[in-house]
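Let's start with one chain on its own, the form predicted on its own, as structure tokens.
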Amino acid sequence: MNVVNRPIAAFVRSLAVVVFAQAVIGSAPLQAADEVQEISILYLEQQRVRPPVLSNLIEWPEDEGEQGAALGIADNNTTGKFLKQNYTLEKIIVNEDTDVVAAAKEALQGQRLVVTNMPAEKLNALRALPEADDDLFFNAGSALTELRDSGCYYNVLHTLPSRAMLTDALMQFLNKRKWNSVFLLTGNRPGDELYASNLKRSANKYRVDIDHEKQWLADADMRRNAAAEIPLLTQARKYDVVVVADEDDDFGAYVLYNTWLPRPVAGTAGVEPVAWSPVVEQWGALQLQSRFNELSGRGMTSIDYAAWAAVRAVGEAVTRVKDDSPSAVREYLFSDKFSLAAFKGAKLTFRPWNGQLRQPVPLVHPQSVVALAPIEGFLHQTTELDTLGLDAPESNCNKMETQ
């Protein structure tokens, strides 16, 4: 009979448990039983006052982005409590008339992980501060393509899709449906012009022809005259689809069913490319939608989703590397070990050349998902996700490795 020394056996079993735990949690030393790693994420927002629009039904959530970040914190803490990690969200939210850069300057002392929801010019001013040089920013509020092009910077990553990604998704869809002749209707606001310029670039990229183009009549009252004005505005002998560039939802809803030819409408009205929508239900998205609705009492928007994805990306990095310094988080996010499961049917990763989060783009109408881009048939040598937005040869970004 073999005699086993029980104290030695117990010690061996305990040692095995410790070794296993270290293998699962990571190579860093185990924390003391009562030691909790505190991870603070700063949320910076400059609220945007949107100009009046024609419809009284158009409403924009006042807490857009903020609630997405809050849900990300809750999700991080769901797993963090088992790893003795505690995530907190520090919020600085200012109105349109307040200088968000000045308001945030003191909070940027030290090394910070920051989720931003603000216009591109404010983000550029913020990340250029000396206090921000060792911080890592996640852009969840600006779709400006230039921020992913020559205006990129090493300490700014982007979880919100660029306009180029959105318009590429739309043009892939139009090409696939063989709706190759477009009537482009552009609004009068700066965002509309930017959206239209990206539409033209994407149309050229995916061999879709913009055969007709008109500017919106700013003084038209579509609530009374849509049936009379829209047919005249869209009068032409031939086109397959009307594409609308109207980012504030001023007039786009009145274009549907009022065009000169009976044609579908897409762009910022009709079939719309978005980062996220309450109608996305596949790939487990219903659980994300329900948790967000329970938290905020409303549906999740694209900016909410981008803020949530930014916080979750931080959580994924800190869980793996046990280090919440911006440099360690950034290094892991750009490594081949990182991917984010984000309810879009694909694992999301960051593009090393411009810091954009690769992600599918749903094409939706108010009640359903129509398609998911990248559309089948548009191939890429690395990943089909890089058919959306600026691929490495298309981007003029040369600052991502500068530090």
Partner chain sequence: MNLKLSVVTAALLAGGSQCVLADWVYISNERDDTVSVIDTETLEVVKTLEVGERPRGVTLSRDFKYLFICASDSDTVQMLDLATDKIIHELPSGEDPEQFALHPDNRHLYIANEDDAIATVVDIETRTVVAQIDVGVEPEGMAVSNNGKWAIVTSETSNMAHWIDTETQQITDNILVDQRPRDALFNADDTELWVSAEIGGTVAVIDSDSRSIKHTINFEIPGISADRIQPVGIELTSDGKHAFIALGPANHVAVVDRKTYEPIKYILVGRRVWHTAMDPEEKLLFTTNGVSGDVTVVDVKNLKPIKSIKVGRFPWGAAVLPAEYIPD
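Positions refer to the first chain, counted from 1. What you see is a predicted model, and the numbers here were worked out from it, not measured in a lab.
Heads up, the form predicted in complex with the partner chain isn't pictured, but that's what we're talking about next.
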Of L83, L256, A328, V94, the one that lies within 4.5 Å of the partner chain in the predicted bound form (heavy atoms): L83
Only one of A227, L286, A128, L232 comes within 4.5 Å of the partner chain in the predicted bound form by heavy atoms, so just point that one out. L286
Check, residue by residue, if T79, R312 and A346 all come within 4.5 Å of the partner chain in the predicted bound form, counting heavy atoms only. yes
Counting only non-hydrogen atoms and a 4.5 angstroms cut-off, does D192 reach the partner chain in the predicted bound form? no
Look up in the predicted bound form whether S290 has a non-hydrogen atom within 4.5 angstroms of the partner chain, and give yes or no. yes
E316 within 4.5 Å of the partner chain in the predicted bound form, heavy atoms: yes
Within 4.5 Å, heavy atoms only: does T88 come near the partner chain in the predicted bound form? no
Per contact check vs the partner chain in the predicted bound form (non-hydrogen atom within 4.5 angstroms), the hit among 277-285, 208-216, 141-149, 260-268 is 277-285
Going through 304-341, which residues have a heavy atom within 4.5 Å of the partner chain in the predicted bound form? Please give them in sequence order. R312, E316, T319, R320, K322, S339, L340, A341
